[in-house]
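Following this are structure 1 and structure 2, which are two forms of one protein chain, each written alone as structure tokens.
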Structure 1
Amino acid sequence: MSASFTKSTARNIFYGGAVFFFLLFLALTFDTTQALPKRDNRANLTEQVARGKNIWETRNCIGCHTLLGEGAYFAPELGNVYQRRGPEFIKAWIKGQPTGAPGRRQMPQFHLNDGELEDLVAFLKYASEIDTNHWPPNIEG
């Protein structure tokens, strides 16, 4: 680098750039917050969905599955599982685990009662109705 380009110039670029782009990020965040009510399906955020999200979290589902593409990549995407499998299949599947099939990936038995299964399904239904810009590309997730 040329000698005329001094350390203090570099420092000013750093502080100026960091502050400017962080403020821009806050402005975009503000705009996103305004736009979210039309996209995030909050109208269907019921008590039941909240209970379902708590079950989702306290069973660490994200440790194997993805939800809207985020999580672990060991087991299928669940953001659209409500459309792919439907509520009855989901409940029966969770109740039937683990399959015990030799060599197959295994899902633990979580001992959820019928009410908890309904809560979890309500959460997955709510998640599946978020406007994700048409992701995933197809029903297989």
Structure 2
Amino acid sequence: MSASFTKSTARNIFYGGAVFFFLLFLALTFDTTQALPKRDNRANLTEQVARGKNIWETRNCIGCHTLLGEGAYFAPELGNVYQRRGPEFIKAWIKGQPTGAPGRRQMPQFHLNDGELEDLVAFLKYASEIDTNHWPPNIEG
């Protein structure tokens, strides 16, 4: 080890690095707090969307599906299903489960009424309109 690398030098490197990364952390935090309000979708948050989210949570949809990359990977990503398939397909798909196709994973039948289906579709529409910075990278999730 070089004689010029002393405890004092090591201490200065440590403190200099700590200050640098603390300032970097503050700058990134500030940038994030400025950018997030422009990217969220809170202007479109309605009572119907809240009811749809409640259905999403009480039926444990995230136990199989992902939404914006969060959740299980057993079933498809649903963050952009509204754009991919549309509201009528979503409602028909949920009503038609399980399909009974052999060798395929099956979604359970939740026996949702028409109002609950509308609420769930409103929630999926809301989720599809959040600016996710082009996530997922492909349209099929």
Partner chain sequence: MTTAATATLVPPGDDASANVQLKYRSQAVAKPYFIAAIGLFVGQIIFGLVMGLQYVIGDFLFPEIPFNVARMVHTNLLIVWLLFGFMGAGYYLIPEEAERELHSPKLALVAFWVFLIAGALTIVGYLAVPYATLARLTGNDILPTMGREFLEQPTITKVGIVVVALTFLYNLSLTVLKGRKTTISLVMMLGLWGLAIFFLFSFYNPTNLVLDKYYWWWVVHLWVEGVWELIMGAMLAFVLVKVTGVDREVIEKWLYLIIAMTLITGIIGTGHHYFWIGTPAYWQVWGSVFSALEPVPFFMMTMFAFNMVNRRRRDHPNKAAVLWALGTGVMAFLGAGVWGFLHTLAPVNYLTHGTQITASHGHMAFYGAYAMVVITMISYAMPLLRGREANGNRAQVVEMWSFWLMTVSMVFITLFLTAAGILQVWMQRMGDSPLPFMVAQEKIAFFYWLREAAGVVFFIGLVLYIVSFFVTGKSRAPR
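For residue numbers, the reference is structure 1: its sequence is counted from 1. Only the largest set of C-alpha atoms that superpose within 1.5 Å between the two forms is called the rigid core. Not measured: the values here are computed from a predicted model.
S.K.: Which number belongs to the form predicted on its own, 1 or 2?
M.R.: Structure 2.
S.K.: With each C-alpha assigned to whichever superposition fits it better, do Pro76 and Phe22 land in the same rigid part between the two structures?
M.R.: Pro76 and Phe22 are in different rigid parts, judged by which superposition fits each C-alpha better.
S.K.: Please indicate how large the rotation of the smaller rigid part is between the two structures, in whole degrees.
M.R.: After superposing the larger part, the smaller part appears rotated by 35 degrees.
S.K.: After lining up the core, report the Cα displacement of Thr32 between the two structures in Å, one decimal place.
M.R.: Residue shift at the C-alpha: 4.0 Å.
S.K.: Superpose the two forms on the rigid core, then give the C-alpha shift of Tyr15 between the two structures in Å.
M.R.: With the cores aligned, its C-alpha sits 13.2 Å away.
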